[in-house]
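Take a look at this one chain, the form predicted on its own, written out in structure tokens.
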């Protein structure tokens, strides 16, 4: 067994320097006493340490089955000692616990599929992150992103006027192809509010163009907000900052309510969907979101089955499809996604395993957002994904999630796979009927 490498992170080190045994004990017990209940108790008392979850984890498989990287191994290195010792753990223990929970677990929930009792280890790792957040030992890069959320209500420090400029720029570009097309801002009473994540206006504005083209060419009644609340991303969810997560989701839903829309359609992002549909709404005390939320994959499927989205030509090159954790294991959109992919890509080749058993990209769960100090460990921890991709023999992979693109790009580069990544909306835009194009 190789010696474990503990990576120094400026944020973790700075926070740990201020910790005391008293603060550690008090914080741990406060979270356990006030923020958990029957769910944690059931998981802890039900686990029989069988290790069947191990083969679910890409970190475990990629590290030659090192038990320290198994899901149950991560629990044994973090939450169980905290519970057993009633919060009496050392500063060094907490520094190691945050690395395990924050950078060696993607919260992908693949292990839930393998556990005979359905124990959600991702939930327990989230609790560890919550404890670490309250002790101020979150990794620097992801904490900076959470600060961006707090200051600007978006992930990328996009200023209010920069957001509007980005939309107007894409509308101008689009009108060269579709003379009458618009990106409607602040249209009250529209059927749809379309929301994106911070990197789109910052780095991937072509995705806004493509989504607008799909909206216009399929005759949708839609709008986008001109105010904060447009960004549905949420790294605060992954740092354990529940308070900031609640603020973000409240603003997102309040913006949709102000515009009096019927539903929110989200772009191709997995973690953002998890936040608005499954986590952030519950922090606010809502069993379900107050306004229906539809992920892009489900939206494309609806358009296709309603006859509004039509195939003009097919993409005939062999392709495979990466199942993002948060919209497949988290929402069950695997079959709807495949119907759309097959409609446009007749030469479709499955990864093995696939659907809810697909391997994580190793970028999600905020892991990629922990930044350069942990990049090599993240990529090396997903050799199994590289092998899975390579086995398909394809040169094009459709990955309908931003974080998945980031993680898979690193894997493809490191392991020299020579595979091109595409969003599903990109395939649709390039191959759909465009009745209003010049």
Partner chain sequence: MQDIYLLVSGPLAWAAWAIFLFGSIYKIWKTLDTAKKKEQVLFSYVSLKYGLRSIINWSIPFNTVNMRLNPALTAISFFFHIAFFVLLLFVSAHQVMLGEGFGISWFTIPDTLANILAFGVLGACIFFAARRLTVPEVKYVTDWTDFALLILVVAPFVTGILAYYQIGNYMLMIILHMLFAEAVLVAIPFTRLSHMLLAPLTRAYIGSEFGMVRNVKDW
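Not measured: the values here are computed from a predicted model. Numbering follows the first chain given and starts at 1.
Although not depicted, the form predicted together with the partner chain is the subject of the following passage.
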Picking from 115, 215, 156, 304, the single residue whose non-hydrogen atoms come within 4.5 angstroms of the partner chain in the predicted complex is 115
Students should find that, of 357, 175, 258, 263, the residue having a non-hydrogen atom no more than 4.5 angstroms from the partner chain in the predicted complex is 357
Query raised in the report: Would residue 287 sit within 4.5 Å of the partner chain in the predicted complex, counting heavy atoms only?
Result: yes
Next on the checklist: So, residue 282 and the partner chain: in the predicted complex, are they within 4.5 Å at any heavy atom pair?
Outcome noted: yes
Check whether residue 59 has any heavy atom within 4.5 Å of a heavy atom of the partner chain in the predicted complex, and answer yes or no.
no
Whether residue 76 contacts the partner chain in the predicted complex should be assessed with a 4.5 Å heavy atom distance threshold; does it?
yes
Given 367 to 375, 380 to 388, 402 to 410, 37 to 45, the stretch touching the partner chain in the predicted complex at heavy atoms within 4.5 Å is 37 to 45
_in the predicted complex, does every one of 51, 72 and 331 come within 4.5 Å of the partner chain, counting any heavy atom?_
yes
Looking in the predicted complex, the residues of 78 to 97 with a heavy atom no more than 4.5 Å from the partner chain, listed in order, are 80
